[in-house]
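Next up: a single chain in C-alpha cells, the form predicted alone.
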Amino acid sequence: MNSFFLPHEAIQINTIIFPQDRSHQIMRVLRLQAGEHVYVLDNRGNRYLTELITVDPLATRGRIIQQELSSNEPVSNLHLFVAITQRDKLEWIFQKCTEIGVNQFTPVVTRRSLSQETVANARKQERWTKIVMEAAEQSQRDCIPEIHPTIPLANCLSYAGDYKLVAYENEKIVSIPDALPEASPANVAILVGPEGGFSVEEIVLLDAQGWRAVSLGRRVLRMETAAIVACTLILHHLGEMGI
C-alpha cells in the first residue's frame, strides 16, 4: 500500500487534502483511483488509513478510515555518522540506511574525505531530505529520519550517546555484538569512514573520547557497503530486524 508523508495542515478531522505535488503523483505517476486505500503519515508516529474520494491532479481528497499508532519504527535510536563522499554514493547510503531503520544521519568531514566542505547548500539539503522521505515511504516507516548539518570529525568527539562505535578495518578482535548489549533498546552511534579509511591519529582521538573501534569482519568493505553492514548488524543485534 502506498504511503505519503504530509504536512500537519493537510490532515483534518476526517479528511485528507493532498497538496498539489502529491495529488499529481497519485493521479499521473501512481495512477491510483477513487476508492483505493493509502496510508497518510504525519511524521509524529501516527498513520491514517485513508480512502481516496476524489482523485484530481491539483487537489486529491481522501477520507480517514482509521488512525493507527506507529508500528514500524525501531525502538532503538541508531545515528549514522558517515564520511562525506561522492554525491551518488552518499545519497545511496542515505536511502538504503533509511530503509534498514536508521533514525539520524550526520555527514562528517575526515582527514581523507573526498570533500572537505562542511557547508551543504540549501538545494543539497533539500535533495537529501527528499531522498530519505521517499525511502521512508517506500519502506513503510512512520517517521522521516533526520539529516543533520555536515560537521568536521572533531565535532564528533564530544557526542553523547549510550554506545559510540567506529567501524575500523584494523580492529581484529572486537565485533559489534561484543560492544553492545543484546536485544536492549539503546541510543547507538556508528561512525563510518571514507574510502581511504581513518588515520591512526583519528582513531586515537576517537578512542580517547569513548568511541570504540569495532570490526565488520575479516574482509575490508567499501565505505557504502560498510555503512549498510554496520547498521544492519547493530539493528539485528538489538532485535530490531525481526518480524
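Quick note: we count residues from 1 along the sequence shown, nothing fancier. Because the structure is predicted, anything quoted here is derived from the model rather than measured.
Missing here is the form predicted in complex with S-adenosyl-L-homocysteine; even so, the following discussion is about that form.
4.5 Å heavy atom contact with S-adenosyl-L-homocysteine in the model of the complex for all of 168, 215 and 226: Verified in the model of the complex; spot residues all in contact, yes.
Proximity of residue 193 to S-adenosyl-L-homocysteine in the model of the complex, heavy atoms at 4.5 Å: Yes, residue 193 sits close enough to S-adenosyl-L-homocysteine in the model of the complex that at least one of its heavy atoms falls within 4.5 Å.
Partner contact for residue 10 in the model of the complex: S-adenosyl-L-homocysteine, 4.5 angstroms, heavy atom: So residue 10 does not count as contacting S-adenosyl-L-homocysteine.
Non-hydrogen atom contact residue 221 with S-adenosyl-L-homocysteine in the model of the complex at 4.5 angstroms: Yes, residue 221 is a contact residue.
Stretch in contact, per heavy atom within 4.5 angstroms of S-adenosyl-L-homocysteine in the model of the complex, of 50-58, 63-71, 195-203, 31-39: Of the options, only 195-203 has residues within 4.5 Å of the partner.
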